[in-house]
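In structure tokens, the next block holds one chain alone, the form predicted on its own.
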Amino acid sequence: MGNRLIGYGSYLPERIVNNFDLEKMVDTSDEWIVQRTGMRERHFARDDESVVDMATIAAARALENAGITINDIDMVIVATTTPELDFPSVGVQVLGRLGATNNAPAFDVRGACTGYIYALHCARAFFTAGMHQRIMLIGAEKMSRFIDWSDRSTAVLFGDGAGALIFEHSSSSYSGIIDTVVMSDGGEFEMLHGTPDHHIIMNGPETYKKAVSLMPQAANYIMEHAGITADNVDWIVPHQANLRIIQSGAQRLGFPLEKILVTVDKHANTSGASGVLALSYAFDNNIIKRGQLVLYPAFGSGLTWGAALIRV
């Protein structure tokens, strides 16, 4: 039993922080940031703006885009690593904010930057089992809460935002979420992890090596499993971690750069919201067209990595 994409929506906080702003906040420069990351600006949420706030706006916009109401959704899955509350889940809070009365289940997944792939993986399984009709998948992060301004190597990397996609059951097995793969290696968690005081610890060189190896590995697995080649894929929408990682991964996969969607210069790294924000940007700007085949690889803390194949 297949599925199809019926709606999308996104939200970026109003405050835009560019590299020149960061020069006043941390020992860095626009040139240093652009050369090492490709990032030029990012959005920061207000202090009183929560992950639930951002997720709710993105969800409402996705519902409007799909032309349905929240009670037409029978499951919500949220990818987030930065919730303000340990419980209840962001998903449940979003349903409450939107006035849902149909008792749909909701839960969060914590796969860090790979979180949205994990959410897609879960949704695909539920559709395959024939258990749900319409599933909303939200990626929402407030990474600015975790910035350590004394560490210039990580302070410049992250941004905030939320995006949502809505899929519904379809008789076609080659539309919507076609295939997914997710993996992890807990033995490597010290390479990239958060601390109890909400800071990010990252071994940059080792993280780079793993990312440029494991994201292409997951992408190749998906293509082999689906029986396709790079020529069949219209777009790669990689996790927007770093432009150098994206370019290196594209080279390893043999994809021309004009088929790689890049928004890291505009949004920076928004962790679990990265890929869905990039897709929303592409839809809004008529870059990716309906019916095209999209490959979405990601890598994150855990270590976690994976990929999804989606016909939009």
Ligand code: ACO
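The first residue of the sequence shown is number 1, and the count goes up from there. Please read all numbers here as calculations on a predicted model, not as lab measurements.
The form predicted together with the named molecule exists for this protein as well; it is not shown, and the discussion that follows is about that form.
Novice: Using a 4.5 Å heavy atom cut-off, which of 201 to 209, 125 to 133, 96 to 104, 220 to 228 contacts the named molecule in the model of the complex?
Specialist: Within 4.5 Å of the partner lies stretch 201 to 209.
Novice: Counting any non-hydrogen atom inside 4.5 Å, which residue from 177, 241, 237, 164 sits next to the named molecule in the model of the complex?
Specialist: None of the others qualify; the residue that does is 241.
Novice: Within 4.5 Å, heavy atoms only, which of 156, 233, 77, 73 is in contact with the named molecule in the model of the complex?
Specialist: Exactly one listed residue reaches within 4.5 Å, namely 156.
Novice: For a quick test of understanding: in the model of the complex, does each of 43, 90 and 110 have a heavy atom within 4.5 Å of the named molecule?
Specialist: The answer is no; none of 43, 90 and 110 reaches the named molecule.
Novice: I'd like to know if residue 137 sits close to the named molecule in the model of the complex, meaning any non-hydrogen atom pair within 4.5 angstroms.
Specialist: No, residue 137 is distant from the partner.
Novice: Does the 4.5 Å heavy atom contact test between residue 19 and the named molecule in the model of the complex come out positive?
Specialist: Answer no; every heavy atom of residue 19 is more than 4.5 Å from the named molecule in the model of the complex.
Novice: Given that the named molecule is not shown alongside this chain, does residue 274 nevertheless sit within 4.5 Å of it in the model of the complex, heavy atom to heavy atom?
Specialist: Contact check for residue 274: no, nothing within 4.5 Å of the named molecule in the model of the complex.
Novice: Since only the chain is shown here, I'm wondering whether residue 300 would be in contact with the named molecule in the model of the complex (any heavy atom pair within 4.5 Å).
Specialist: Taking the distances in the model of the complex, the answer for residue 300 is yes, it comes within 4.5 Å of the named molecule.
Novice: Counting only non-hydrogen atoms and a 4.5 Å cut-off, give the residues of 33 to 52 close to the named molecule in the model of the complex.
Specialist: 36, 37, in sequence order.
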